[in-house]
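The form predicted alone is given below as one chain in structure tokens.
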């Protein structure tokens, strides 16, 4: 495929350290897959992050359940884990699912058992701030007017809760190989067993080195309904740049459902060009190429239809 300028793109402002870690892996001779894993791990390892890793907000029972996935665009292999507890780096577990098992996804107790076999088991108590927020949430639910378990109750919390950001990363190496990955602790105070878009191939991530790769962030329920990242990559198959593909995908989604908010994507095309877009007012992301000394925080405005 010739020589390509290595690049890493990551969601949100905390993606700056992810992009830097990913580029460090690329400069050390690592593959795009290595870069994605290292980039995501950097955010997972931050106990202060409330939407990724074991420092994230728990479900309504007080348990932190993690989702993650990774995809190799050179082979179209992928691995994912969902609703897994007591794993420090679910992105690494997802890669082991891809490379060491005949499966694409493991969930719950099965994923935890595999983590133990791989030496990735890790127990961590709820962070004090997280435990406090969880207790306040339970108190709020207790005194809320909608009846527990009703559609009104869940609609209120799903649409008002903003603590559901994801670390999503796409990388391209000097050989033109593209990989994508993401990790999240999911919607704050979610129902036990709730799984969002992050571990779903074609929704949370998708990568094909022939076209490009994308990773999504936001409200998983909306992202899953549209197979968001697969749409973005499909537009790159058709010859659109990463930016054009991201914007076109967001416009398509809003044309089908103007209320499909809380969706954002980052993307890299096969030429290493960056793209990002959102159905919200604005979205921040980090981007870094091999000839940059440090990652750049960029912002895009939401699309209009």
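Residue numbers count along the first chain shown, from 1. Keep in mind that this is a model prediction, so the values were computed, not measured.
From this point on, the text means the form predicted in complex with ligand ASP, which you will not see here.
For the three residues 36, 71 and 79, a heavy atom within 4.5 Å of ligand ASP turns up in the predicted complex in no case. Under a 4.5 angstroms non-hydrogen atom cutoff, ligand ASP in the predicted complex has residue 194 among its neighbouring residues.
When contacts are judged by a 4.5 Å heavy atom cut-off, residue 165 counts as touching ligand ASP in the predicted complex. Using a 4.5 angstroms limit between non-hydrogen atoms, residue 187 touches ligand ASP in the predicted complex.
Interface membership of residue 228, defined by any non-hydrogen atom within 4.5 Å of ligand ASP in the predicted complex, is ruled out. The stretch that touches ligand ASP in the predicted complex, counting heavy atoms within 4.5 Å, is 197 to 205, out of 120 to 128, 81 to 89, 94 to 102, 197 to 205.
This chain is drawn without ligand ASP; in the predicted complex, the residue among 211, 219, 106, 115 with a heavy atom within 4.5 Å of it is 219.
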